[in-house]
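Two forms, one protein chain; structure tokens for each follow separately as structure 1 and structure 2.
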Structure 1
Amino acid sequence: MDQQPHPRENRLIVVSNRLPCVLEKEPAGNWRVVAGSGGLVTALHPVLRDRGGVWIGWSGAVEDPAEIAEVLRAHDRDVGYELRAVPINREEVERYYHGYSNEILWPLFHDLQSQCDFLPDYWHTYVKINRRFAEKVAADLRPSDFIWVHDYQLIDVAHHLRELGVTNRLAFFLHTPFPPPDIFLKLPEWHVLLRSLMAYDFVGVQTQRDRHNLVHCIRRLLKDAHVKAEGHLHRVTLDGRDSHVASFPIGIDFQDFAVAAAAPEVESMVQAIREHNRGSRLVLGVDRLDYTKGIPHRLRAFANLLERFPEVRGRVTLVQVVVPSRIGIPKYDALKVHIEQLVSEINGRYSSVDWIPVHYVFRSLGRDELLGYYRACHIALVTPLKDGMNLVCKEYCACSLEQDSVLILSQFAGAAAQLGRSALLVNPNDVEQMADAIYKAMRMPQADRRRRMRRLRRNVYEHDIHWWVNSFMRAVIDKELKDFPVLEEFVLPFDGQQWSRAVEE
């Protein structure tokens, strides 16, 4: 007899620090629901959308848990899955989110140890909040649920779930890079975190380099672990149980971006942007406010271009969009000031009566506006000092409907492993090399631009978010996304044929 649960019983439970939406209290006292930013939300929303699963996370608010649950319930129907908030108070946000997650793990995992603040109080609150997430997950669990925990803020959740007696298969995906042993060892709690990771049945990382680093840490630092390579997986046996480690580069919902980029509202936006900047090649940077994104280096590279190649003055404009993020952490506040100083220095030095070199935007853009910039700009400058993957570069390619734009990409973005052959690869610390790359992109013949962009788009299309989630699930539970129900009332008509033609062209 078939013991498999009916597909309708399979539930996907996504657990991440943040829910896909952020709740903000307006002065009048009512709650406003705004879309979250960051790669994790962009990637996972289409996976859960309309599937009737559950997303567990923090709402971004520090008060009124009962009211928040109410607001989220009303929002469930819009997104097609259930949102469950884990309450976190102001002091806990300070220590768990600002502190351990973003002043220790975030910089350390991005090889920026000089940015770390190793305060012992942070760790205790990190453990406490990870326990709270585990309790929320365990509170309403079915044996057939697939639990998928995400990112560095929640490494310790599996260990607590096991203590609570949960026997479901547990998977974890790390969206950031994983550091090599010499850097990981700087973490005072490295041994607890490494063992916690091995409490998951499956640990996915972005690139082969991250997998190599993680396996190297386990081999070197956990003397009682036994590691065996099995095809593209590594099996780790520790304390009598097995865990697997493998790399799965995350993708985007290519189809969704490309279709949305062709909408008339975006088309009008593209025309307005181009009209306003007539005669100028447009170079685009889009990043969360974060020191890992290399924004000051990029601005210096642009200044270097204007200085060394005076003939491009008046003929090139840098559009730099910075999305507010982690406001309240001093290093982020200082970075904002630094960026604004650099922008005004460049504009002060090179502007003319009819041209301003840097068009700077500091706010969260609406989707049409973001896609409008993706389509209107001739060159994208994606130059993080280090990045787990970087989805902006993939979104830019998906939106390049004319297949005529150029991607300049940091060799230290996870995406470089997939896109490096067709992008112009740069070292983000090398300001002159970046300036040369912009100059080269401006003068690149159309045939070359098209050849490269077609290859980029094909790669992003073939390794999209559905490919990612299916390969991950196949490896972890031998299932695909189709084994999880889609709620009929949410299914949108889609002409897949029409779409694949758009990619072929």
Structure 2
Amino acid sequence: MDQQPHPRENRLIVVSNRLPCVLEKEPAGNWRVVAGSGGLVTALHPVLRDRGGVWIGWSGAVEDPAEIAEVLRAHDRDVGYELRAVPINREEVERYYHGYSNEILWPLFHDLQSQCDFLPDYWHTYVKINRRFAEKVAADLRPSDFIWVHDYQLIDVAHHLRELGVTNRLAFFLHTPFPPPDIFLKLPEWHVLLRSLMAYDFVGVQTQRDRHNLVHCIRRLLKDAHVKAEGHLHRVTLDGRDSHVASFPIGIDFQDFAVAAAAPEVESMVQAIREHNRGSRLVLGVDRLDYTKGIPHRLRAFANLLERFPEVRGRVTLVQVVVPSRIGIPKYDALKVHIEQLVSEINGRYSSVDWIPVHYVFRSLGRDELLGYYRACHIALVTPLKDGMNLVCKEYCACSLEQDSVLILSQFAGAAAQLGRSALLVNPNDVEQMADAIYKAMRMPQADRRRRMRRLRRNVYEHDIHWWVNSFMRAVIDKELKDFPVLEEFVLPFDGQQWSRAVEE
């Protein structure tokens, strides 16, 4: 009988641009390690902790790599798995991360090729850093390790791993959209990146649209590739090896958001927000500062609402939260100025003695404050020009404990494929349509609001972050989370029978 390998011999190796923690240097010169957050960390931390895996990524610091490695080794004991930092200096950050990743791939993959800056040095540094990531992965790699690489910054890692002789199972997940061939072709290095994607054994994308675009690119641009549909997968045979492509829409930790939103401190914040805005329906926008989020379009739509429907003046307030991002980069600085000009114009034109139409917040929100806004606001306006998924809409639904709110969602957000039937779908380029949607949401009967939100919450609940990991791992390596040590059970604030009944009413 064959001896089963020790669990530690069969590890999950997660590779992402950033580690699941942030290193901050204190005034005294000591390092402080702050735990990361987000869906990926929530989902994969317990798997790595209980299975003895490795997380590889950049620490966010440009100091001495040996010093960073020592700090992380001490932190390994706290998290229960190994953290390996890939060193990147300040010049490389500018060219690999700010340059190729975010001035070329990010806008191109969001159909905004006019924002691209195709500088050759960016590409050379991107290849160099992807090679460095691959070398870090290959070091101390065991034959049974499964390697899972994440996102557009690291597309080229598989190519280098194969060159280094790595034969392990390699999987990749793209968290952004994937463009159609006519846009992807604008990338000077499209051929290298597309073939590198096919060096993975498995490529996951967010939506069926992204899968269609990727498969279309392969069929049209790689003449020596053979593509065959196999159920919800597409098998691609290229250079004598097979790769599979499929879509897996990422979710959130419904448990975490629903329970945290019910906390007393959040409840107090909800009451304070509503008391301060008594008599107004609150419309919420929460976005990172980025030109893909459609914030100026949203502000113009809100101005259109106030202009065309004067009866809502004094009865509706837009709370627009913009989280600072890439400060110092001219395109983003200009966007910030443009947003602030639009806010000023709207408030200057429509404000009254006791009412200001737009409440603008430019800073990161604390968790309780964010959850307070999610619960207090009657309408969420999630209207990106294009998004891989957009998890703000899912977080908003999870926090809608009263189930008496409305989601207005861009048809170009990846989440629209899942939530579109119960949300109000809009084209963010059509400001009148968005204004009409806000007006409709304000006048929507309560029974309709509750019915829609119950369906939205059920969808988010059933397709949470753990469902996403299960689906992906089942497709790639025929494993599920139940094959790992059991995670803590999620207990809803009411029993499952009540949940089903509440959702289906």
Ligand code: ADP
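All residue numbers here follow the sequence of structure 1, with the first residue given the number 1. Superpose the two forms; the largest set of C-alphas matching within 1.5 Å is the rigid core. In this text the structure is predicted, and so the values were computed from the model without any measurement.
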Open item on the list: Of the two forms I pasted, which one is the form predicted on its own: 1 or 2?
Closed with: 2
Task: Rigid core superposed: residue 441 CA moves 2 Å or more between structure 1 and structure 2 - done: no
Task: Shift of residue 461 between structure 1 and structure 2 at or above 2 Å (CA, core fit) - done: no
Task: Core superposition between structure 1 and structure 2, C-alpha change of residue 473 at least 2 Å - done: no
Open item on the list: Keeping the rigid core superposed, can you check how far the CA atom of residue 55 moves between structure 1 and structure 2, in angstrom?
Closed with: 2.6
